[in-house]
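Next up: just one chain, as structure tokens, the form predicted alone.
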């Protein structure tokens, strides 16, 4: 879409310095940008790249100037760049259609403006909202509900009864509503605990490729509005995740744990059962959170078992010195050993 720098500045609420009529058609990194692409500068370390870029327009912090370039001044350039990209490059929507190879139950309700790709299977009483796209080889089980303007990429599976809100995007290979991993040991074997609950995913959620979100055992697994989940994440039964939290790849969240609002969970974090991560808390990469532990509001933890970041740094510094300290201890023991 072709816009001017003045139009973008108005959209972003940015202060504009330079050519108000500079044309913008896309976004790019400084090294790959053309004259009509928009770039951004967040750190002074990359100023040289921005100055040398062919891009005629740049988003930067207040007071920044670049010879021959139009500058849109904002407090948070990276956020403004993301908003600009969404505005300049609106998502291409597939036209409404149903592929002849799709298998759709007569009792399913598919909005006329939805698109259903090749080899999709839609079982009884499924509901699909207006403008939703279901790509090839997806499976929607009995009674599943999918809201408006959602995108299911190829090979997504919704088990029976899954509830998906509006504007949800689910990437390839994700499985929503599978049985939780719950067993009771007794009489020489493992008995499966009932997995008959449901899963509810609210509006504006994005779920990465090959992520699995289990249904509740007797209750409901809930993913709140605006949550973003990366690839290869496991969310177990009865987990609840609060609004706008972010979970990075290869994280595992065990059953009945709760994650508050705007929580940040980095890659490969392990969260045991019945844990509580309060609003605004942060779990650093590869942190391990033991059963039943509570991470307090706004707290940053790291390591295994997870502990406050300042304590982790202090302990890690001592761990790095262990070989040196062991050598000193051996020498000290040798010097104090009684002579025979």
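Positions refer to the first chain, counted from 1. Keep in mind that this is a model prediction, so the values were computed, not measured. We call the rigid core whatever largest set of C-alpha positions still superposes within 1.5 Å between the two forms.
We do not show the form predicted in complex with another copy of the chain, though everything after this point is about it.
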| field | Residue among 165, 129, 161, 173 with a heavy atom within 4.5 Å of another copy of the chain in the predicted bound form | value | 173
| query | Ok, 154, 147, 143, 260: which has a heavy atom sitting within 4.5 Å of another copy of the chain in the predicted bound form? | reply | 154
| said: Is it the case that residue 280, even though its partner is missing from this view, gets within 4.5 Å of another copy of the chain in the predicted bound form, heavy atoms only? | reply: no
| message | Test of understanding: in the predicted bound form, would residue 322 fall inside 4.5 Å of another copy of the chain by heavy atoms? | response | yes
| query | Is there a heavy atom of residue 65 no more than 4.5 Å from a heavy atom of another copy of the chain in the predicted bound form? | reply | no
| Taking heavy atoms only, is residue 187 within 4.5 angstroms of another copy of the chain in the predicted bound form? | yes
| Sequence-ordered residues of 268-303 touching another copy of the chain in the predicted bound form, heavy atom within 4.5 Å | 268, 269, 270, 286, 287, 288, 302
| message | Does residue 13 shift between this form and the one not shown by 2 angstroms or more at the C-alpha, the core having been superposed? | response | no
